[in-house]
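Encoded as structure tokens, the following chain is the form predicted alone, with no partner shown.
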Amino acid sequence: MIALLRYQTGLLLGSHRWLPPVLLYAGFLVVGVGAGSPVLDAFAFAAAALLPLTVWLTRVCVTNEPPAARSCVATAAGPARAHLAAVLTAALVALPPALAGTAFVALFSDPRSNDHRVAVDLLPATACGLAAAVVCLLLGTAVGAVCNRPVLHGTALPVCAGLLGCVVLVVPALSPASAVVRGLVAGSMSGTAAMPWLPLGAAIPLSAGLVAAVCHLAARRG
């Protein structure tokens, strides 16, 4: 698996197809997190912005190989392992922007409530922001895996499905991604940061299960 991850990472970085989603994420942060923004609101915005980043990166990783190269890798390592390596590469490449976004918010936002009256302890707030980023990174990667090959093929349908998936992750209250974003926004009103243990605990098995199902489908379809 280490060799597959190195191969997929080199393929992704060499293609430069990672630049548009990463630059889009950076643009979201620069525009949406201004100096003096309430810190918990800013962490919520930064976490939500990771969803399109990870969905996009996952699409790039699972569609980056030429068909002949994909067939060779699948034959040598197995279709499931080859596909898993592509999905894991997307998550690993999304991790540095997620950490940088969390650091950006911690450095430049205002550690107070959204009415700027209640001081917010920056260390627990940063821990909550990082946990929210992990939740959104995991779920965005899983949705990106579900919305592309081997489940959906082509360009228009996977792209539309990925965009719809981002909306579905943020809007319903039962979504772990929605729960962490709403929790940070609610905490910003009172100036308290509560670690989102329940959404984090739900996001890990949910994401792992979705990715495992997609890899199993990749093995069946070859």
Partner chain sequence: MRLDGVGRRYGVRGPWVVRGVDLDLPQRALVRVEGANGSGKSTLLRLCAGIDRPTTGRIRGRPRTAYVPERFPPALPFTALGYLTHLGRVHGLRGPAAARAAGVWLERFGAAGHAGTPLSALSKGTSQKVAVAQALLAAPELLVLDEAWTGLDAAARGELDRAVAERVADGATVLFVDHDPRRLAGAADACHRIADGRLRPAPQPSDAADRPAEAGPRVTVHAEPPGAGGELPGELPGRPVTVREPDGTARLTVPAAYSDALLRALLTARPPWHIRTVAAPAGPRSESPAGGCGAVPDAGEPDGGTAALGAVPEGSAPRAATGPAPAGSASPAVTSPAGTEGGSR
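Numbering follows the first chain given and starts at 1. Owing to the predicted nature of the structure, the values given are computational and were not obtained by experimental measurement.
A second form of this protein, the form predicted together with its partner chain, is not displayed here; the remarks below concern that form.
Is Asn114 close to its partner chain in the predicted bound form, meaning a heavy atom pair under 4.5 Å apart or at it? Although its partner chain is absent here, Asn114 would stay clear of it in the predicted bound form, with no heavy atoms inside 4.5 Å.
Does Ala76 reach its partner chain in the predicted bound form, with heavy atoms at most 4.5 Å apart? So Ala76 counts as contacting its partner chain.
Any non-hydrogen atom of Pro20 within 4.5 angstroms of its partner chain in the predicted bound form: So Pro20 does not count as contacting its partner chain.
Looking at the partner-bound form in the predicted bound form, is Ser71 within 4.5 Å of its partner chain by any heavy atom? Because a heavy atom of Ser71 falls inside 4.5 Å of its partner chain in the predicted bound form, the answer is yes.
Hey, of 61-69, 153-161, 28-36, 191-199, which bit sits against its partner chain in the predicted bound form at 4.5 Å between non-hydrogen atoms? Stretch 61-69 is the one.
Exactly one of Leu24, Leu11, Ala213, Leu206 has a non-hydrogen atom within 4.5 Å of its partner chain in the predicted bound form; which residue is it? Exactly one listed residue reaches within 4.5 Å, namely Leu11.
May I ask you to list the residues of 1-28 that have any heavy atom within 4.5 angstroms of its partner chain in the predicted bound form, in sequence order? Read in sequence order, the residues that approach its partner chain (within 4.5 Å, in the predicted bound form) are Ala3, Leu4, Arg6, Tyr7, Gly10, Leu11, Gly14, Ser15.
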